Ligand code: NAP
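The chain below stands alone and is given in structure tokens; this is the form predicted alone.
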Amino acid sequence: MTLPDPNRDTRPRLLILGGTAEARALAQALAARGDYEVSLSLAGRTRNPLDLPAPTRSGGFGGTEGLAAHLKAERIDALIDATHPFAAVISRNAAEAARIAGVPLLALARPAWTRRPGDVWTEAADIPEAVARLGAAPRQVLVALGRNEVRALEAAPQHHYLVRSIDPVAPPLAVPHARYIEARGPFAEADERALLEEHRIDAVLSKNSGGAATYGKLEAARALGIEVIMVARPARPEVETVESVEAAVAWLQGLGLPKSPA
């Protein structure tokens, strides 16, 4: 007869698909509570992610089947998708993997930005459309898309691009006029306004990521009357969704998860 291991962690197991400020805040909140065994998974797109208060793995699972296998093998009791609003493929994989593995799933998604009085927004369905909406005449453009999406700029080489990303853009874009800034938010409105004025920016190219960390550029653009080409969020799976860490914790409590068997 094999006796239970008295040192084994018997708390419910939670996997957070992260890479966002919301995922980090949720992990911190749960670490403070101490009643869940939490692990995080990052897509691996950011080379130097911030430290996280839980065991963390980087890189994909191998699609839907790989994630479903992980959920089963690790006996995950609940899954929270707190990935970036534009990580639609990961969210679709999460929804299907949770269904296959029979694991409760919640999406934690920050609210999208909405147009406010004074905003000069041109909306686009995706990044290629946003680049096209810059027009034919050369412009001075602040690009806030992230390094993985900026290759689309090569379709419009007439513009002068100021590309900001957390990690370096490598190789550089195949356009004649591009400068690069490596920086991680939050960005204050005053600093963003100074940046736009210094580089004589007349258009901002942005994804509708939501959140406070990078909203300063939109406030600065509004104050200066600068056009923002705003890329709409991609469609996401229809799963239960909340917009705050507090609501995510309440969802977990509402599951009434028993302790995992030893």
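The structure presented is a predicted model; accordingly, all values stated were derived computationally and were not measured. Residues carry their position along the shown sequence, with the first being 1.
One more form of this protein, predicted together with the ligand, exists but is not displayed; see below.
The putative spot formed by Tyr161, Leu173 and His199 is not touched by the ligand in the predicted bound form; no residue has a non-hydrogen atom within 4.5 angstroms of it. Listed stretches are 27 to 35, 225 to 233, 62 to 70, 210 to 218; the contact stretch with the ligand in the predicted bound form is 62 to 70, by a heavy atom cutoff of 4.5 Å.
With the partner removed from view, the residue among Ala87, Ala152, Val169, Ala95 that has a non-hydrogen atom within 4.5 Å of the ligand in the predicted bound form turns out to be Ala87. Not displayed here, the ligand is approached by Ala43 to within 4.5 Å at the level of heavy atoms in the predicted bound form. Residue contact with the ligand in the predicted bound form: Ala248 places no heavy atom within 4.5 Å of it.
Although the partner is absent here, Leu17 sits close enough that one of its heavy atoms falls within 4.5 Å of the ligand in the predicted bound form.
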